[in-house]
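Only one chain is given next, in structure tokens, and it is the form predicted alone.
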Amino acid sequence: MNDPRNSDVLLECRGIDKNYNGPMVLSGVDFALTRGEIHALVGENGAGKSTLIKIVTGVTNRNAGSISFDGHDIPQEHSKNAAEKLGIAVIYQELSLIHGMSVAQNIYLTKEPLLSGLPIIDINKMNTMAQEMIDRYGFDLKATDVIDNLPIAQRQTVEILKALSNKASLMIMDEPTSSLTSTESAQLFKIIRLLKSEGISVLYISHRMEEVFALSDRVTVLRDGRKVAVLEKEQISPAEIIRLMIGRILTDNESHHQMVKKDGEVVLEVDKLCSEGKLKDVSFSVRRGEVLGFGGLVGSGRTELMRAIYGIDPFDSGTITYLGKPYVPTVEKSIAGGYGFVPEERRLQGIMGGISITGNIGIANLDTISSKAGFVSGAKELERAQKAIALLNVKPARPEVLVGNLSGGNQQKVVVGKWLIRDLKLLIVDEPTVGVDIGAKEEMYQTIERLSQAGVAVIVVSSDLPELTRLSDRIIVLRKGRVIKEFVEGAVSEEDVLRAASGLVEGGAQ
């Protein structure tokens, strides 16, 4: 722990305890961050990372311990507004920008410059101020750009500019690359290093070990609500971080890149599916016991395809056959027919954060827990929730806990669990481990492997190439809404998939 009298120390936490009327979430946690430092905070889901950040940013209060920031003691009753005034900014996975507004309007929201002597916003001055800041940092933006027209990477840049406009001296980034391409991630890393060069501290939270290794000056590791280590630059390695996070060494399964042909009966067959501007003549099939992987860059049409074949979004032409019969999908028919879907945006589409684990499990199983008159059996609902919790080792294993209070990995388990207690024939999992730590990843992989061994057909959409090659018996790569390449039997490398996704397939670039 750094000496709190050291003027280089920006943030100092000592002996932080936190519980939510139950088990300790944080216990005696010490943490220190210096000026102009890139400091990674890592740990499995449920380790306490999010809770520590919420305490520092005033979202929740600590039960015990002390915090100082920039030489100021932070009181027990902290607040988000107080944290922002101190210079603490946080950029979450789910961005907080206002749609329909310009870049400048978002940057200066609630602090717009006014015309002299009038309560009217000086739009020209605001745009000029925003563009000067954009140009200073060399960002590829215009002050007048409308947020809705920007890709996710540029929207993230606007969040950073908002923080800079507030004179932030600490920027907390929570899984900032989860929705970015490799090129966009590289641009973000340049921005982070630029912030460091200007003396701004960055607290970086990520489950991607290669990013932590490449960026961090130091790493703090949490496990089960306690600090287990602080690694200096020369001590940082992905293998050491993983060992400290989970307290054991994982078997290296990432070398399993052999495609294996499965001969089970066809569960789902798609023929020449088209959706204007999204999909063009997409055809494929998936068999019982097979894990079919879908790769492709952001915008390739993978998620749009999954939503169409499940019945969420309409399509223009093409046919679908499910369990040997022509199928016009709707969500209701898919659920009733043993066809599950775990969406990429689990917090928006996969869970209801304000209700319990029991309620979330029950919503997808109303047909099995309700009487003919439509009344839900509380006993059946609870029994199914307990079964899902046990199947996937959800923590905490308490059915009454609100899903919004669970870690990202445990939220994902709830989303998957509501399907596993049904008579499942086919499961689509879109980005199964985004924002999920290494231990929870392994549990998710084992769940997918168990399902395929039990005869369930599984479709996995993933931007994580080691994940895609490890899990898949066959891989289809989409580009611009078309099937550009299919890897069937034999060895496949991450480079093979990436080259296909980039259009570098046989015959030249596509």
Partner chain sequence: MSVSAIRRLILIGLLIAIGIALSIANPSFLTVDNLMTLLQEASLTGIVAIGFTLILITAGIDMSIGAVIAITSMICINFISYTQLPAYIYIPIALAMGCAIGWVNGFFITHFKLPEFIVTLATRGILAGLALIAAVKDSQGFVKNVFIQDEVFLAFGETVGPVYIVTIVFFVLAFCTQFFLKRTRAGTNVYATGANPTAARLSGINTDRTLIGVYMFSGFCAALTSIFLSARMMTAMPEFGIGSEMDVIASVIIGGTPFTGGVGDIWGTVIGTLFLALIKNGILKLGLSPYIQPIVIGGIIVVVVVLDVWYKDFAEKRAARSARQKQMQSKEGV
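Numbering follows the first chain given and starts at 1. Note that the coordinates shown come from a computational prediction; the quantities given were computed from them, not determined experimentally.
Form predicted in complex with its partner chain: not shown, discussed below.
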Legend entry - its partner chain contact in the predicted complex: residue 143, any heavy atom under 4.5 Å: no
Legend entry - Exercise: residue 97 in contact with its partner chain in the predicted complex, heavy atom 4.5 Å: yes
Inset, instruction - Give a yes/no on whether residue 425 approaches its partner chain to within 4.5 Å in the predicted complex, heavy atoms considered. - result: no
Legend entry - Heavy atom of residue 276 within 4.5 Å of its partner chain in the predicted complex: yes
Legend entry - Proximity to its partner chain in the predicted complex, single hit among 317, 183, 197, 235 (heavy atom within 4.5 Å): 183
Legend entry - Residue among 323, 191, 109, 244 with a heavy atom within 4.5 Å of its partner chain in the predicted complex: 109
Inset, instruction - Have a look at 211-219, 120-128, 235-243, 284-292 and name the one stretch with heavy atoms inside 4.5 Å of its partner chain in the predicted complex. - result: 120-128
Legend entry - Residues in 57-88 with any heavy atom within 4.5 Å of its partner chain in the predicted complex: 80, 84
Legend entry - Comparison of CA distance in the predicted complex with shown form for residue 276, residue 155, at least 3 Å: closer
